[in-house]
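First, one chain by itself: the form predicted on its own, in structure tokens.
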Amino acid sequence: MFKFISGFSFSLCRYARDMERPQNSVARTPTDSIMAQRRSKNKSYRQSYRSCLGAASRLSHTPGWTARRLNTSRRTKSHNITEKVNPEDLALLVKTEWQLSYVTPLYQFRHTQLRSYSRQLSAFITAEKQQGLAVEVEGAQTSFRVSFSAVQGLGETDDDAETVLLQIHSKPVFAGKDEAQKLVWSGWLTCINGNPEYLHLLPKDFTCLPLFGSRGAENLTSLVKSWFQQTFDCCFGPLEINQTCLQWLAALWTNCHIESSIQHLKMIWTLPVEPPLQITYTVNSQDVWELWNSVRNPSLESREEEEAARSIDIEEVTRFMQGLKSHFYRHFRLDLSAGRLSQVSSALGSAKFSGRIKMSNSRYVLTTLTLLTECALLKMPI
């Protein structure tokens, strides 16, 4: 028996869909010779991507999205990255909500050229502003200062490219002479535990940083994406966190409860009725932990060496979610299986279907980014 009643929060409201639309990926055309070279490189990239996906993806009826699926099992453990990652960089990544996008491999991107990229992007934003594309961030701005930096110590494997952090600072027109510039936009590109087979098949001129997070004014985000597309011949697209990924995050975060209390597990479900309904379902930590233990593989519970980094498989995730939905049905006679899971949150973080993610505990940043990197690679067009 599960004592979930005290942990419930139930509300009904009108649901409004809010999904990020894909950004315009049209880039300015450079010289014909350069474009011809890049087309050749892109062809090699596409062939490498298809090779990684298998023969089935070469069929003529294959859609322009990968046919692969998320891994059916994964290991979870906490990582003390505070000793390896710059505290300032870590503070920016954690406890901030990011809007996610996927990014195709960057052509001729070099980590050794980050200082040059800072100057180029700053000049690009200034030029766009002078052409009448005003960038309004809390009022009129003077100049924008862009900084690129590599986040040391965040990678998991030698195949992963170093995470890149972007920051844009600016000062309002009427700011005092000695007033410092303020951070008005931030973003990052990363690849944590990327598919090694795919990474090895990429041509050497391409750098894979498939996961992009941004926070700040939307017009600045559009300008940053536009500059990347023109400079590195890449493409951005919205990265929704689908229901399967949300279920994985619910299980992964619950599995971390012994080391770092999740405090509660909150889920928001959307039911397709008229008018649409949103159901908020909250379970306290002890109850959800007991349910999680009940669906775990018994052979793992008796092996102490598995506690630090034990494997979770999709069958356990499915049983865990089914247990939550069954309990809800017994009390309210509402079948959540008919709806869609659109948000998951706990003390360790929150994730929304619209592609917004917040990581609240640095020890589980790598676990979360590994799953999201996998999602980005799968969403990438062939």
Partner chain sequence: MGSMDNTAKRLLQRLVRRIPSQMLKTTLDKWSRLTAAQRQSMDYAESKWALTEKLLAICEENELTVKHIAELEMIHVIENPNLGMWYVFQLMDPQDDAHSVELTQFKEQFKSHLSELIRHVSIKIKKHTDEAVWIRIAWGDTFSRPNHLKPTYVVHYLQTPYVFLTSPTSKQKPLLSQALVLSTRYQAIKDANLSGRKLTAIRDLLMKQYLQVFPTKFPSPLAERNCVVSNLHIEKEQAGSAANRHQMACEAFGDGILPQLQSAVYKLETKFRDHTNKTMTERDEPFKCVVKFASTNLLESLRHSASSGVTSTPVTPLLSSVPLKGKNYFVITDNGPGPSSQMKPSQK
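Numbering follows the first chain given and starts at 1. As the structure is a prediction and not an experimental result, all values here were calculated from the model.
Heads up, the form predicted together with the partner chain isn't pictured, but that's what we're talking about next.
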* Go through 155-163, 283-291, 252-260, 81-89 and give me the stretch that gets within 4.5 Å of the partner chain in the model of the complex, heavy atoms only. => 283-291
* Asked: Looking at Asn219, Ser118, Asn297, Gln278, which is the one with a non-hydrogen atom within 4.5 Å of the partner chain in the model of the complex?
  -> Gln278
* Looking at the partner-bound form in the model of the complex, is Ile357 within 4.5 Å of the partner chain by any heavy atom? -> no
* Asked: How about Leu271: is it within 4.5 Å of the partner chain in the model of the complex, going by heavy atoms?
  -> yes
* Check whether Val317 has any heavy atom within 4.5 Å of a heavy atom of the partner chain in the model of the complex, and answer yes or no. => no
* Is the gap between His327 and the partner chain in the model of the complex 4.5 Å or less for some heavy atom pair? -> yes
* **Any residue of 322-339 that, in the model of the complex, places a heavy atom within 4.5 Å of the partner chain** => Gly323, Leu324, Ser326, His327, Phe328, Tyr329, Arg330, His331, Phe332, Arg333, Leu334, Asp335, Ala338
